[in-house]
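Presented as structure tokens, the chain that follows is alone, the form predicted alone.
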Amino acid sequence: MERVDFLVVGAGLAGAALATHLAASGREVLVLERGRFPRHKLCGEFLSPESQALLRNLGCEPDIRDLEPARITATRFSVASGRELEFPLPGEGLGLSRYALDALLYARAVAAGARVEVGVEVTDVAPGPDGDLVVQAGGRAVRAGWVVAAHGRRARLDRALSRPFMARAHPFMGLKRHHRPRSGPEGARLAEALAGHVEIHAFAGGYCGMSFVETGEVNVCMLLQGGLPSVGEGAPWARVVAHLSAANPRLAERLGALEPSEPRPWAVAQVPFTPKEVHRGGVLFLGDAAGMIAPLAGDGQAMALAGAEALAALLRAAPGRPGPAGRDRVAEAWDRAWRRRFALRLKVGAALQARLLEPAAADRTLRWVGAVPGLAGLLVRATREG
């Protein structure tokens, strides 16, 4: 049976970043990814200043600069009542598609010396001989000293490990589709208004974020509580747009000035925001597999990259053959480090999201934030600092 010191499940932001950090320090790393690159991912596609610093640590800054991402300096909120609020970001953000970013990080991990296999799904991890873990993937078994699961929101591996969140129903659904401004004055006005901004438009039971990415397209990404029962699951995009346009006047204006540039929307159901454990059965969890922040915080990608950097620091000092006791010590240290760094921002993000999903509460929140100098900046920092 093949054996490796470090096996990473998933080559998205968190997994590829961790593999790069470990491989660059001379550790043996195998990454198993069920998808293929390049690929689209359901994501707000907003890189905060924190994300950019973490990508700089990976040596990705020149490649990202070459992609010419959209520059974002301000946030604009609107709610169903028509109330709006705009405030500057504490630093320049970037609009960069996951189609480009994931492929870049995948290539960076390979260049650092990690072995990455795509089209391979990990289905189970169990204790094996000599203290190793045995990973079942793509019809074969691999022994590993360490297994880090960075596979995203949910996967077959979560069910195999009997993770508690998999036994619960999660009412949230995500939708994403790239668009272009329509030709004519309507599209021109939208392009001018959206330039340099990331917008979030709230309505009863959901919100929609949008901003430009490096292709000149607008990423339209939304979170819906309870799906779209009034239009039906799997409804044509035009009916979804009509439903959302009736829910928020500014969102109606924006969607009316856009036209889809992709053949279909990307959808994910059962999006879990409930707390998750960060280790189980000897497996360490990273990125969305460890916990998801509310998308409105714009911090999910930064959390993935920061978590990878922090976990790499723990694992670089660990032996390649840790045994159960050594693995447990690192797991406990990782649990403390993860919660110390991310627990507060997860709570703040969840509280803000709950208010944004209810129109009256969303209107009051925007009114308070607009009336109290510095409150907007305080809330932004609270979703980025542990």
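Counting begins at 1, following the sequence as shown. These figures come from a predicted structure and were not determined experimentally.
One more form of this protein, predicted in complex with a small molecule, exists but is not displayed; see below.
The small molecule in the predicted complex comes within 4.5 Å of no heavy atom belonging to Asp132.
Contact check for Pro359: every heavy atom lies farther than 4.5 Å from the small molecule in the predicted complex. With a 4.5 Å cutoff on heavy atoms, Gly35 counts as touching the small molecule in the predicted complex. By the criterion of a heavy atom within 4.5 Å, Leu18 is excluded from the residues contacting the small molecule in the predicted complex. Here the chain stands alone, but in the predicted complex its contact with the small molecule, taken as any heavy atom within 4.5 Å, falls in 5-13 among 5-13, 21-29, 374-382, 361-369. Contact with the small molecule in the predicted complex, defined as a heavy atom within 4.5 Å, is made by none of Leu67, Gly187 and Glu217.
Interface residue among Gly95, Gly206, Gly300, Gly145 relative to the small molecule in the predicted complex, by the heavy atom within 4.5 Å criterion: Gly300. Residue-level contacts in the predicted complex: of Leu284, Leu157, Ile72, Leu258, one residue has a heavy atom within 4.5 Å of the small molecule, and it is Leu157.
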